[in-house]
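Presented below, as C-alpha cells, is a lone chain in the form predicted on its own.
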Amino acid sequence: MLETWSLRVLVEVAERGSFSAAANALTMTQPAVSRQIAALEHRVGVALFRRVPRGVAPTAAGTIAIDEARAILGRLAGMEARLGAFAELRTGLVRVSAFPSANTEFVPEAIRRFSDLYPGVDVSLVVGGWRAIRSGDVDVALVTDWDRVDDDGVALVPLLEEEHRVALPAEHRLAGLTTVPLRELRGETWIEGSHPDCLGPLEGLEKALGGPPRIGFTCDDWTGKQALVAAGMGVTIISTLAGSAVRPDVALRPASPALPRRHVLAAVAPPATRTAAASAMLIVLTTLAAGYH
C-alpha cells in the first residue's frame, strides 16, 4: 500500500517542478525527495517524471498518479477536518427550519436530544426552506416529497414516511367509524391548509370523493385549522406526524381509500460544505425517525 507521505512528495514535486524546490517546501533534502520518488516509481513499476532543462515534468503515467494523489490527499484532509470539527462540537450554531406539523412534536424532540448531546451548541428554529440551504441561512430544512426541490447544491436525506388521517369534529356522524369512506364526505366543507400541511394532491382526493372537494376555508395556522374542525365548520386532513398534538374534540380516522402517504426528508448542504453541527443534527434526526411511529 502506498504511503500518504510519498503521495504528498509526489504532488509537491509536480507543483514545484523540481526536486530541490519540493525539498525546500517540505523541509527535506533534495536527495531525500529523490529517493522518495525513486521508491514510488519502483513500487508502481513505471517512471513518473522525466528530466527537463529546468527540473522535472510528469510523464503520462505521472499525470495520472498526481491526479489520483491529489484526490486521495484531498479526501484525507476532508476526513480529518470533518472528524476534528465533529469532535469539537463544544460551541456553534445549527439553524433548523420545518413545516408546522413537523414542529408539533418531531422537531422539538430532535432539538431536545441534540441539546442533550451538545449543550454548547445553540439550536435555532427559523423560517426558511430548502432554498435557504444554498444561501447558507439554514443548516437543516425538513421538506416533503410534495415539495419540488431542486437538488443542485442540496442533499436530500430520507427520514420517514407518514400517513394521513381525516380530521372530523368529535361529534361528527362518521367519527364513530374506525375507517371513514371518503365518498361519504363528498358534500362536506373542506378546510385547506398551507403547503405542505394541506389537502395534498387534489387529483387523488377528488377521485376518492367522486368529485372536487368543496373548500370553504383556507387556514395557515395549525391551531386555527383544528379549531375550525372542532367547531363543526368542516373537515380536513392531518398527518400522523402531528397526530399526538391534535386537540381532544377533533377525531382522526383512517380513510378508505387510503390517503396518499408523504415522505419527510432533510435538506442539507453536500458533505463537502456541510457544517459539523448540521451533520450532528442530521444524525439525531435520522436516529429519531428510525424509531418514529
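A quick note: this is a predicted structure, and the numbers were derived from the prediction, not measured. C-alpha atoms forming the largest set that superposes within 1.5 Å between two forms make up the rigid core. The numbering used is simple: start at 1 and walk along the sequence shown.
What comes next is about the form predicted in complex with the DNA, which does not appear here.
- 35 is the sole member of 43, 35, 247, 70 with a non-hydrogen atom lying within 4.5 angstroms of the DNA in the model of the complex.
- For residue 134, a non-hydrogen atom is located within 4.5 Å of the DNA in the model of the complex, even though that partner is not displayed.
- Taking the partner from the other structure, the DNA in the model of the complex has a heavy atom within 4.5 Å of a heavy atom of residue 55.
- Taking the partner from the other structure, the DNA in the model of the complex has no heavy atom within 4.5 Å of any heavy atom of residue 252.
- In the model of the complex, at least one heavy atom of residue 28 sits within 4.5 Å of the DNA.
- Comparing 35 to 43, 60 to 68, 227 to 235, 259 to 267 against the DNA in the model of the complex, the single stretch with non-hydrogen atoms within 4.5 angstroms of it is 35 to 43.
- The Cα position of residue 32 differs by 2 Å or more between this form and the one not shown after fitting on the rigid core.
- Residue 57 is among the residues whose C-alpha shifts by 2 Å or more between this form and the one not shown once the rigid core is aligned.
- Here residue 283 does not count as shifted, since its C-alpha moves by less than 2 Å between this form and the one not shown after the core is aligned.
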